[in-house]
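In the form predicted alone, a lone chain appears below as structure tokens.
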């Protein structure tokens, strides 16, 4: 780590205030160019503590930048991990208020719900599938707090991986008999197809992202508890949205998700 505790707390307050006030700020590595991943995850943990002190609860975990398309889009080569809070959840088919966001984008994902805890190191796809209760369709609304959605990996980790809102589908499917690598999805924006992908776009298999999360937590002496909802990361590049836009995503075997931005 390169930052002292006071600076970590200050940066956490800076980023969380930007989220709460829906305003963009310069990426924090502009002022702190030597900020490393340990610093970034410490800032993320401090943001969690701030939210929990106000009564928010963590309701899931997420992997970010897991598709080759997103890595190329954002100029990074390594996935990152963040937290989902209760206030971020939006019902399938609901309206998303643009006034609460800065410059949101949407990405379709396969999400996992675990029936057993997952522990690293050495977690792998087989272990994830064995521990999975069911999978569901999901759409994440990401909303970087950084100006022009431009950041490096350390900055986005500190910003809780741009977590903002998420929508979960209504179909819970057993992984047995499903090939999540070839499971396809089609995203429509205002009735026009804007993205198509298969599960393999996420690190070759979406369960790989969950395994990497378990191995990441193991390095911190943690695990993914049973019952955890985990978003495996966007299968396509993120699609910008504005007020009036309607998003509908159809998933093979998993139903569909939709939302409207108002």
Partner chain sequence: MTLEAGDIRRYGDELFDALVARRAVAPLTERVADITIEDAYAIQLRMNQRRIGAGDRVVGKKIGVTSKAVQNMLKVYQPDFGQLLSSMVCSEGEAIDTDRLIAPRAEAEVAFILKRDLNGPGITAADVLRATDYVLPCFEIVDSRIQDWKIKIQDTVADNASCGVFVLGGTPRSLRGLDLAVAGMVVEKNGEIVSTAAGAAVQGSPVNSVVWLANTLGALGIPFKAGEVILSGSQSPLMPVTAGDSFHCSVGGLGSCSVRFA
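Residue numbers count along the first chain shown, from 1. Bear in mind the structure is a predicted one, so any value in this text is a computation, not a measurement.
One more form of this protein exists, namely the form predicted together with the partner chain; it is left out here, but the text below deals with it.
- In the model of the complex, the partner chain lies farther than 4.5 Å from every heavy atom of residue 121.
- At the 4.5 Å threshold, heavy atoms of residue 58 stay clear of the partner chain in the model of the complex, well away from it.
- Taking the partner from the other structure, the partner chain in the model of the complex has no heavy atom within 4.5 Å of any heavy atom of residue 14.
- The shortest heavy atom separation between residue 182 and the partner chain in the model of the complex is within 4.5 Å.
- The candidate spot formed by 192, 204 and 250 lies fully in contact with the partner chain in the model of the complex, as each residue has a heavy atom within 4.5 Å of it.
- None of 87-95, 129-137, 174-182, 160-168 except one has non-hydrogen atoms within 4.5 angstroms of the partner chain in the model of the complex; the exception is 174-182.
- When the partner chain is considered in the model of the complex, only one residue from 65, 35, 197, 211 comes within 4.5 Å through any heavy atom, namely 197.
- Of the residues given (186, 125, 83, 153), 186 alone sits with a heavy atom within 4.5 Å of the partner chain in the model of the complex.
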